[in-house]
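Coming up is one lone chain in structure tokens, specifically the form predicted on its own.
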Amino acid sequence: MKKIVVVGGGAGGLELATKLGRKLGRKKKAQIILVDRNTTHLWKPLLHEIAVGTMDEGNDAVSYRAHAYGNSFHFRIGSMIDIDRENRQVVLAPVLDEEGVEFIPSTRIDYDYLVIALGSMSNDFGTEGVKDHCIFLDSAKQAHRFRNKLLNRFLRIQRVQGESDHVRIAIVGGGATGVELSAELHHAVKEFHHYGFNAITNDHLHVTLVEAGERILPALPERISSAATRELTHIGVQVKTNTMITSASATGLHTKDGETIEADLMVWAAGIKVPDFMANIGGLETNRINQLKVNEKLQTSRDDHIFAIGDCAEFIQEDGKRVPPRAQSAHQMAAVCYDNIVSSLNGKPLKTYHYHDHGSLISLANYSTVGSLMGNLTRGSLFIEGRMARLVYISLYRMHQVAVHGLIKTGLLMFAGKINRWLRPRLKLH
């Protein structure tokens, strides 16, 4: 029986393993193994909501083991550290417990086809002090760390009230994560009034969004960027563009112009890269941010039995542009990779991947949603905002849920979510 190993349980990796399990694993045509260092899956675009407590990940997290059991694939917890291409094996690091004691030694998993879907992490570009003083939002654990620090600051204001008490938060990076987190913070402060933090108002919150370029959301049309800037400024976020951060310290961020942006909490959300251990792993070809170079079939450039999808893959389009690191890219790649693996097993021709940009949407919490839709009907891009944009934004997550759970279960999850909004607090305060 052929072995198909998927490393990385993000949006693309989990969708791919699920489809392969239902198609091949259930019929015993192949053994599907998903490898991830975590035990649960969360849709990464939701991490900013977890960070401020407006979302309880316990309701939306997917248990890899339970999901694997229900969809005819196997789950292995672990972190890939190398690829033995000669013997077609994935090498996993030893697994340590909370005290750092090894309880599972380094292991190897055989594969006939390997799919790498590790996603990406924040890129600090080697900026001095960032690793020591800034928080990244690459995982639920990091989001929890930010939320705990934020709650502690608010608790101090509630207990030791004074005119000078405030929370200064600096967010570096004017991309989707930075913009959405800025808005979500102000929305969360309003909700804190319901849970005993009556002394806290938006006046206590000072959020500064820092972007090195000329405008925030540089990858999106200028109209979307301008709309987001206006809305953020209206709710009280200070937007600083053309501001290069050269270092970070315990008291704040330091700019190229000699300015110090004082902050109690600092979030770094500027740029992405693939983990450093991926650089030329197994002799595969990678770029400067450690992405694996893939061909039009999503196979790595030096090994047809190894595929790469999502943020960890560098795919150059016909116009010379790279496919952007977005959830829709991972979703589309997972679909093509699935078809190509099934075709490979059946000796059929492989499909060529073509990226289709369906537009981009930015959620500004409950204040607004802005973005553009793209497609044949619009003959270009269509700017949308407000309630309609919010509905489309939510539908992106629902599409991911349908790919993972199916239509009926997604409908039940939506119904359960409505009930939980009535039964549970609006904020997670622990």
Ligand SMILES: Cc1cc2nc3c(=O)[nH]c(=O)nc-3n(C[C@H](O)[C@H](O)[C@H](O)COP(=O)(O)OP(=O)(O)OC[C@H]3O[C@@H](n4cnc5c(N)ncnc54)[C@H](O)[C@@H]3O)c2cc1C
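Residue positions are given as counts along the sequence shown, with the first one as 1. Computed from a predicted model, the values in this text were never measured in an experiment.
Keep in mind that the form predicted in complex with this ligand is not shown, yet the notes after this line are about it.
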Self-check item: Proximity of Lys44 to this ligand in the predicted complex, heavy atoms at 4.5 Å
Solution: yes
Quiz item: Going by a heavy atom distance of 4.5 Å, is Gly21 a contact of this ligand in the predicted complex?
Solution: no
Quiz item: Would Glu211 show up as a contact with this ligand in the predicted complex if we use heavy atoms at 4.5 Å?
Solution: no
Exercise. Report yes if any heavy atom of Val267 sits within 4.5 Å of a heavy atom of this ligand in the predicted complex; otherwise report no.
Key: no
Quiz item: So which of Ala30, Leu396, Val404, Ile33 gets a non-hydrogen atom within 4.5 Å of this ligand in the predicted complex?
Solution: Leu396
Quiz item: Leu292, Val172, Ala263, Leu118: which sits within 4.5 Å of this ligand in the predicted complex by any heavy atom?
Solution: Leu118
Quiz item: For the chain seen here without its partner, which of 284 to 292, 309 to 317, 255 to 263, 124 to 132 has a heavy atom within 4.5 Å of this ligand in the predicted complex?
Solution: 309 to 317
Practice problem: Scan 1 to 17 and note down the residues that get a heavy atom within 4.5 Å of this ligand in the predicted complex; none is a fine answer too. | Solution: Val7, Gly8, Gly9, Gly10, Ala11, Gly12, Gly13
